[in-house]
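Quick heads-up: the structure tokens below are two forms of one chain, split into structure 1 and structure 2.
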Structure 1
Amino acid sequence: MLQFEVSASVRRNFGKGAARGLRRDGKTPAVLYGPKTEPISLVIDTKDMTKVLLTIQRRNAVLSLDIEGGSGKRHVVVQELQSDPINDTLIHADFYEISLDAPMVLEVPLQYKGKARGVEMGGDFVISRHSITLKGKVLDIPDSVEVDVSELDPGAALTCGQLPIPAKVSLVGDAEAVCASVTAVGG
């Protein structure tokens, strides 16, 4: 699991006027909440956060949130991001506080490596799933699952149950669901 440090400060001005002012100054409004935490409105640096988010690239990551004037670092995951539909700039971020010892259910992206044997024989490689759901302790859950597809023959399919999942975590959902397949040649 990827880990990053992000610094934030408590936000005291609310509303869209204040939020737009923050964005003009290179800051992004954010909020922190969790099962045992009262929601806290935050301000984060847009440039730093964008850099972190582009490194994470939608994979799961634990962020150590250092809140200015707060009591120590808090472990959070990115719960939701709002971005501009045109420029893809960050508008707002939601952080969800987690416990490193409690089991969590997370979506883990799949990364397909290699060129399937069936593709070289004329078939098409079809990705049916970009992610799977895993349950376990946060630091045991991988940031992504790499899958070698070079052995896939024409007409063959790779199911969720065949994926190389670490021993300490378990698969949530249908193990027979197809993740990727190669179409039959001439079919």
Structure 2
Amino acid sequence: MLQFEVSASVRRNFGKGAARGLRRDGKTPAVLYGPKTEPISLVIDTKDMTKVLLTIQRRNAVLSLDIEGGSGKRHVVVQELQSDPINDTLIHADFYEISLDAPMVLEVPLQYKGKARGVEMGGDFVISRHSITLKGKVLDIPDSVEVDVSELDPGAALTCGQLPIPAKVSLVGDAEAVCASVTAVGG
């Protein structure tokens, strides 16, 4: 699981005018909430957060949110982002506080590697799933699951249950669901 640190401070001014002023100064309003957390209005540096978001690129990541003013570090995930539709700048962020010890359910992308043996024999490689759902402690869940497809023969299929999933993590859903397959030659 990817991990990053982000600095924040507690937001004291509210309203549209205050939010516009923050954005003009290169800051972004944000909110931190969670099941055991009262919502906290925050201010983050837009440039720093944009760098983190570009590194994450829609993958699962845990952010250590360091809040000025004695609140200390909080472990969060990005729940929602709002961006300006014209210049694509960040205008608001929602963070959801998580526990590193409690199990979570996350969608994890599949990365197919190699060339299937059945494709070399004239079959077509068909991807049925681009991601799977895994459950476990957030730091035990991988960024992605790499799948070697080089052993797939014509007419063979790779199911979710055959994927190389880490020991401390479990698959959520049907283990017999097909992730990828090679069509039979001539069919």
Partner chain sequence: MLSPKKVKHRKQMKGRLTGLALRGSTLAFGEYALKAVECGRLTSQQIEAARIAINRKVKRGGQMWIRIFPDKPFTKKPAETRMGSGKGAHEGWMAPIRPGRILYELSGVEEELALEALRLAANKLPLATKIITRGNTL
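Quick caveat: nothing in here was measured; it's all calculated off a predicted structure. Numbering runs along the sequence of structure 1, starting at 1. We call the rigid core the largest set of C-alpha positions that still match within 1.5 Å between the two forms.
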I need to confirm something. Of structure 1 and structure 2, which is the form predicted alone? 2
Classify residue 92 as shifted (yes) or not shifted (no) between structure 1 and structure 2, where shifted means its C-alpha moves by 2 Å or more with the rigid core superposed. no
Core-superposed comparison between structure 1 and structure 2, residue 34 Cα displacement 2 Å or beyond: no
Domain rotation angle of the smaller rigid part between structure 1 and structure 2, rounded to whole degrees, is 15
Mind pulling the C-alpha shift for residue 152 between structure 1 and structure 2, with the rigid core superposed, in Å? 7.0
How much does the C-alpha of residue 120 move between structure 1 and structure 2, in Å, when the core is lined up? 8.4
